[in-house]
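There is one chain below, alone, in structure tokens, taken in the form predicted alone.
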């Protein structure tokens, strides 16, 4: 169990704010990409990278490192923002997002960028990667942990549930899957496009331990991570209630910001709100 105190919560919350600023800035520079779901996941990813995970930017392939897999690969900007802030590559490279020759592609590529554990983008593939990593860790008697981040719209993919079934079957208590439950996807409300509800009950039915939290409350995220460490014999799913576009008032809870980048004026407005 890791200590949680006011200073550690404040540190992670500040990292999330910095990441949101970088997300908005790099997407504005790129002129394309996925804004809403990157912003909704920032608090979760900040807690993982700046409080929870045992990683070393100087040794990105250290075999005992913890692993993070962005299963909702279109939210690559949140991963890139965390990696830059953690020191895996210089911050100025963020401005190369989606540009020809840049390692910061529209979806993460593990062959091109240090710190990326899995090349994701085809939804459902990332949680499957994560199950394989967790199983490998068990077989090799390693103590590393695996963290995956899925979108709630991603749960419409059948491969997610095949992976969920395998994770429970192999008792992967070294695996924690966060669901970024912001309720929206590119075509509208998740429950109207193809409802995966009730999400907690489905993971329980597949044999997972389930925790439900506010995905923007860093203390709750950290407490869930501590609790997951105490769970033995099965994987943990953390269903995190979030707001798409969190931190930018004109983006919040709007499906049209799923795959839209802000223009110059919108970047300025968003940064002003994030600085405030």
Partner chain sequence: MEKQATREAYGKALVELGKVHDNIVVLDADLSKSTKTADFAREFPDRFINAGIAEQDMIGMASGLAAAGKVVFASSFAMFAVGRAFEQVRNSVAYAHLDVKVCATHAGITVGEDGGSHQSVEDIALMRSVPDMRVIVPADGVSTRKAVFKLYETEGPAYLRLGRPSVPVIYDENVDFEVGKGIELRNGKDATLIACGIMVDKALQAAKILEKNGINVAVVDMHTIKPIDKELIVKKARETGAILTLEEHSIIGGLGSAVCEVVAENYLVPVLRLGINDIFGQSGKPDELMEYYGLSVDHIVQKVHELLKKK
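Positions refer to the first chain, counted from 1. Since the structure is predicted, the reported quantities are computational estimates derived from the model, not experimental observations.
There is another form of this protein, the form predicted together with its partner chain, and it is not shown here; the text below is about that form.
**Student:** Using a 4.5 Å cut on heavy atoms, which of 204, 91, 142, 112 is close to its partner chain in the predicted bound form?
**Tutor:** Partner contact (heavy atom, 4.5 Å) among the options: 112.
**Student:** Using heavy atoms only and a 4.5 Å cut-off, determine which of 196, 183, 124, 137 is in contact with its partner chain in the predicted bound form.
**Tutor:** Going through each option in turn, the one that passes is 124.
**Student:** Looking at its partner chain in the predicted bound form, do all three of 105, 153 and 156 come within 4.5 Å of it through at least one heavy atom?
**Tutor:** Yes, the whole trio is in contact, each within 4.5 Å by some heavy atom.
**Student:** Considering only heavy atoms, tell me if residue 169 and its partner chain come within 4.5 Å of each other in the predicted bound form.
**Tutor:** Close contact is absent here: in the predicted bound form, residue 169 is far from its partner chain, nothing within 4.5 Å, heavy atoms only.
**Student:** Would residue 99 count as a contact of its partner chain in the predicted bound form, using a 4.5 angstroms cut-off between non-hydrogen atoms?
**Tutor:** Yes, residue 99 lies within 4.5 Å of its partner chain in the predicted bound form.
**Student:** So, residue 226 and its partner chain: in the predicted bound form, are they within 4.5 Å at any heavy atom pair?
**Tutor:** Answer no; every heavy atom of residue 226 is more than 4.5 Å from its partner chain in the predicted bound form.
**Student:** Within 4.5 Å, heavy atoms only: does residue 191 come near its partner chain in the predicted bound form?
**Tutor:** So residue 191 does not count as contacting its partner chain.
**Student:** Would you point out which of 204 to 212, 233 to 241, 26 to 34, 53 to 61 contains residues with a non-hydrogen atom within 4.5 Å of its partner chain in the predicted bound form?
**Tutor:** Looking at the other structure, the answer is 26 to 34.
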